[in-house]
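Shown below, as structure tokens, is a lone chain in the form predicted on its own; questions about how it binds or moves come after it.
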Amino acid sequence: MRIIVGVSGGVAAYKACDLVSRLVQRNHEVRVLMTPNAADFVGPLSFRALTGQTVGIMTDDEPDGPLSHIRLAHWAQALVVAPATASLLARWAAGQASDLLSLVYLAFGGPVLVAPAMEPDMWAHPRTQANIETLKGDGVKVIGPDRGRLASGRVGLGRMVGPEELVDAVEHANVPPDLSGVTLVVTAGATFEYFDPVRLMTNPSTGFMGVTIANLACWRGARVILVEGPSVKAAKVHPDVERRPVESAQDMLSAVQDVMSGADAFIGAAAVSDFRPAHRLTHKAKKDSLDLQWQVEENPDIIRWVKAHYGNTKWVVGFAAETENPVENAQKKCQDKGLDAIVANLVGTDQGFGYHSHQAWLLWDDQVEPLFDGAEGSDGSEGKVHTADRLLNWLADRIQEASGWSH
């Protein structure tokens, strides 16, 4: 992408160096524009060294020749300001252009993102909040702020979000909001079924696929509720995703039951344990007292419950992790449970759960669509992102074709 990074005059301006560096490393073309006050915190030479491009500051600067504000506005595909101070937000809300960055903003017709950074009292001030609402009404995407320690030493809401989160936001800035208005429930990760406080039944699922689906759906405008097993705790989840952490399969079913009535679609990407111990001990059992045979009982089938209770009004998509004949076995599962679609993915030695290697197919009606073939040289995480994106394309198409969110 061709990205303009704007930097305004706050202590968090140093974080913009990290942001620019990350964007350049991901092969984006980056131009930096600074407000005059920003140059008091970070020198333009730092950004010139990172991008190899001249930095613009004043309205009469010409980093791209005559009429640079117009040239740059037509060149860029996204504009992100980090940090965005209260002063800059106020000027933009009023339509003032006292620097080159603000001139470009007024001439730019693409996606604009701002990452506010200021003291908590300044962020909470009614005028700042009114300016934020004005900018949102103009289509500006506001990222953050986070709660944390500020330059004053106080802790509160006003800390600029991290560069990694901003990179995600910029890279998804042009994603069409084709799931806007849709509420999607996604399950992710393994469940933990405890024999006693220190022993459990589970599987190697990290929840990466379910989290990826949730994140991408959120970028595409959906309201997303992520019901997540314990293995998902450390995953990077979009800040707007509503997280419902659970532990066991029964916990996951209860959480799904609580939210499904308000949902339009369900994607069951979790690796739910098929069985649980028939009796869970409250204390650690001593090794010499253990029976080598453990009594288990069957866990609830979450996706079957969803289909049975909401199958006529909501889209229900499942996942089938198979070690052999993935397409054939997934077809049987899809037909047995009456699902609208199912993703078959091959798991086992060095692929699937917790591995980069990835192969997947999307099945619905009598159709089979290869999603990702795990070709040698492909990045596994990118492969799973590709699979999630293709699945959401399918869901968005079906929802848009349907009338009243039903089928």
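Don't overthink the numbering: it's just position in the shown sequence, from 1. Quick caveat, the model's predicted, so the values are computed rather than measured.
From this point on, the text means the form predicted together with ligand C5P, which you will not see here.
Peer 1: Which one of 247, 196, 133, 301 is close to ligand C5P in the predicted complex, taking close to mean a heavy atom within 4.5 Å?
Peer 2: Contact with ligand C5P in the predicted complex is made by 301 alone.
Peer 1: Just to confirm, with a 4.5 Å cut-off on non-hydrogen atoms, which of 272, 225, 73, 113 contacts ligand C5P in the predicted complex?
Peer 2: It is 272 that has a heavy atom within 4.5 Å of the partner.
Peer 1: How about residue 158: is it within 4.5 Å of ligand C5P in the predicted complex, going by heavy atoms?
Peer 2: No.
Peer 1: Taking 4.5 angstroms as the cut-off for heavy atoms, does residue 219 touch ligand C5P in the predicted complex?
Peer 2: Taking the distances in the predicted complex, the answer for residue 219 is no, it never comes within 4.5 Å of ligand C5P.
Peer 1: Check whether residue 268 has any heavy atom within 4.5 Å of a heavy atom of ligand C5P in the predicted complex, and answer yes or no.
Peer 2: Flag for residue 268 set to yes.
Peer 1: May I ask you to check whether residue 172 falls inside a 4.5 Å heavy atom distance of ligand C5P in the predicted complex?
Peer 2: Although ligand C5P is absent here, residue 172 would stay clear of it in the predicted complex, with no heavy atoms inside 4.5 Å.
Peer 1: Answer yes or no: in the predicted complex, does ligand C5P come within 4.5 Å of a heavy atom in every one of 361, 384 and 386?
Peer 2: The answer is no; none of 361, 384 and 386 reaches ligand C5P.
Peer 1: Look at the stretches 105-113, 331-339, 134-142, 229-237 and give the one with heavy atoms within 4.5 Å of ligand C5P in the predicted complex.
Peer 2: Selected stretch: 331-339.
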